[in-house]
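Just the one chain here, laid out as structure tokens, in the form predicted on its own.
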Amino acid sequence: MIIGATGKIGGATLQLLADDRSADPLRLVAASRRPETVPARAGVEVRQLDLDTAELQGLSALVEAMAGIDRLLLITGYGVRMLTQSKVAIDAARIAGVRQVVHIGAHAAADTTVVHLGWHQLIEAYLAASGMAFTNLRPTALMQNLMLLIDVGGVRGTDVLPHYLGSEPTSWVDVADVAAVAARVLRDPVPHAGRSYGLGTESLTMAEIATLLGEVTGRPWRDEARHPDRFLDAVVAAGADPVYMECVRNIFVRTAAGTLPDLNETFDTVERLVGRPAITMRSFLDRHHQQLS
């Protein structure tokens, strides 16, 4: 079962597993609070599952939705409710007899003081105490979030890459690589039980990314550093959870100040688990630069 099947990571993972033509096909279940939003895929069952209903209705509907599930990919949204959503998902999975949960979290130092990164660590600790086997996948910044920076910055069509990170580098990973690792673990979960994998693959500054965009497009792209408060104001005005997004703002502040070196770490997880090189930022921009223009 994929919880978060309509999101970028969940959808990409589901597609990889659905396209898998191995001799031992998986029975795939896409879970969504709105099943009609899940794209139809051959061989994929869709089930209704809304983690927010448990507060008033208890766990029974969630346990029923997870009936017959052996392994679960758990992805929650970008808001403070991720804590309770993850707890009830883990509780329901345990009751339903799920054997292994793969959780998409975020990379951070073990003693991080960044609030929403700590939330992921609390979820991981609760999962570890559940008695089920588990695997934690911990991406750094997603390359796809460059599109968000363009939209939030209001500069589409100007060859300007707005950002809030100052001149410090950070670690990036393509959603496709996160999905590839998730699919590999779900396909063969036992060797990965009890393991946690970092998923940053390349360290770059925003100025270096702007230079790559210029090389890819043949246009004079430049980066434009802005105060992180501008990001917070824009995303909250667009409807994002202000508590969660204040944490993201604080990551920008600390990255620019050079006090979050752990978020610049890179890993060879993709090469080791998937058996191919990780997708580079240059390759990502080659494929997606029109979405940034």
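Residues carry their position along the shown sequence, with the first being 1. Only a predicted model underlies this, so the values are computations on that prediction, with no experimental measurement involved.
Just so you know, the form predicted in complex with a small molecule exists too; it's not on screen, but the next bit is about it.
Comparing 63-71, 44-52, 229-237, 258-266 against the small molecule in the predicted complex, the single stretch with non-hydrogen atoms within 4.5 angstroms of it is 44-52. Taken together, the three residues Ile104, Ala141 and Asn145 all come within 4.5 Å of the small molecule in the predicted complex, as judged by their closest heavy atom. With a 4.5 Å cutoff on heavy atoms, Ile3 counts as touching the small molecule in the predicted complex. Proximity of Thr170 to the small molecule in the predicted complex falls outside the 4.5 Å heavy atom cutoff. When contacts are judged by a 4.5 Å heavy atom cut-off, Arg33 counts as touching the small molecule in the predicted complex. The closest heavy atom approach of Thr205 to the small molecule in the predicted complex falls outside 4.5 Å. None of Gln85, Gln121, Gln100, Thr112 but one reaches within 4.5 angstroms of the small molecule in the predicted complex through a heavy atom, and that residue is Gln85. The single contact residue among Gly166, Gly154, Gly214, Gly77, judged by any heavy atom lying within 4.5 Å of the small molecule in the predicted complex, is Gly77.
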